[in-house]
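Below, in structure tokens: the form predicted on its own, a single chain.
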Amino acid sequence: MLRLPRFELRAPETIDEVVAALEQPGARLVAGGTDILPNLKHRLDRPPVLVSLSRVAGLSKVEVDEKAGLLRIGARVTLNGLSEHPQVCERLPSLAKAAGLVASPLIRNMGTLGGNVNLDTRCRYVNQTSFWREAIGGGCLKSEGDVCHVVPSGRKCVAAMSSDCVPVLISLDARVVLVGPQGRRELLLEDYYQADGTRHTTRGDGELTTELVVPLPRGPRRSAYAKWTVRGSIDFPLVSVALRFELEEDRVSAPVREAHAVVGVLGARPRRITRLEDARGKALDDPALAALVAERVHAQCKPLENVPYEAPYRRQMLRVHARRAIAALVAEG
């Protein structure tokens, strides 16, 4: 049995109290605990203080702002609550699906959207016991060592961002709201991440995520999320792809106005697929559109050996699941 290290637990009741508690060096946030607690057991972190968000009011709301055309989702909304919320299911179905595919029902009942957005990066060489890491030579850039076992000549950690919700949120142009010692700030979620697995977000010391703000559709849209795992539950995705198509009319045979694709589990940040302008004017049910998107995804994404299964096979699965996701949208009509 892996034991937790010793730490002090604080449970403030307001956001200001949370910010104050985070002023202690090394303090870490905990909500559902489904990510940080296993990492503590593996001795990937040894915080002196854990700051619980369980008593903070106002972080568990899902609110529709019709006037601004926005859906506001509190950081403490559980993944299960998100996957079943009527407004999310109706207006942002790809987000509801992604949240409903995370791990298992038990974890979705505990895990939160804020936790999934701030999910730590993962790598086959670091998410192991401390004994295992010592056996391969003293860890890596993300733990106790000074070398990357995936890219030995690399200077940055390439541990992968394995969140299910993040690629979807980025494809939907979501924004993240943070509150810290310097006050409140809001930025595109896409700009929140950076290509360094040891610190893959731009979150400042003392900041916490309070909500995600997602623009609502302003016209006909189809969106999808697909991921590949070995098992149907529990597993983190080995590759994932989020798709969004804005249509001229509300039918799958209508021309596409905009096409967006975001791929996850490549490195420390998701990748937005470029050069999708050629999809404009093609119908969603046109096989040429599925071929175009799948080939763009395959051409621009080169997985590394940072998670299980061979990188070339994972790359092929990206092409497969991009096609399958579009076929499923067409079948839904």
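Nothing here was measured: the structure is a model prediction, and the numbers come from that model. Don't overthink the numbering: it's just position in the shown sequence, from 1.
In what follows, reference is made to the form predicted in complex with a small molecule, a form of this protein that is not presented.
By the criterion of a heavy atom within 4.5 Å, residue 95 is excluded from the residues contacting the small molecule in the predicted complex.
Taking the partner from elsewhere, residue 33 is found to have a heavy atom lying within 4.5 Å of the small molecule in the predicted complex. Proximity of residue 244 to the small molecule in the predicted complex falls outside the 4.5 Å heavy atom cutoff. A residue is said to contact a partner when one of its heavy atoms sits within 4.5 Å of a partner heavy atom; residue 203 meets this definition for the small molecule in the predicted complex. Checked against the small molecule in the predicted complex, the candidates 230, 135, 234, 187 yield a single residue with a heavy atom inside 4.5 Å, and that residue is 234. With the partner omitted from this view, the residue of 195, 103, 252, 216 that lies near the small molecule in the predicted complex is 103 [heavy atom within 4.5 Å].
Here the chain stands by itself, but in the predicted complex one stretch of 216-224, 80-88, 156-164, 253-261, 156-164, has heavy atoms within 4.5 Å of the small molecule.
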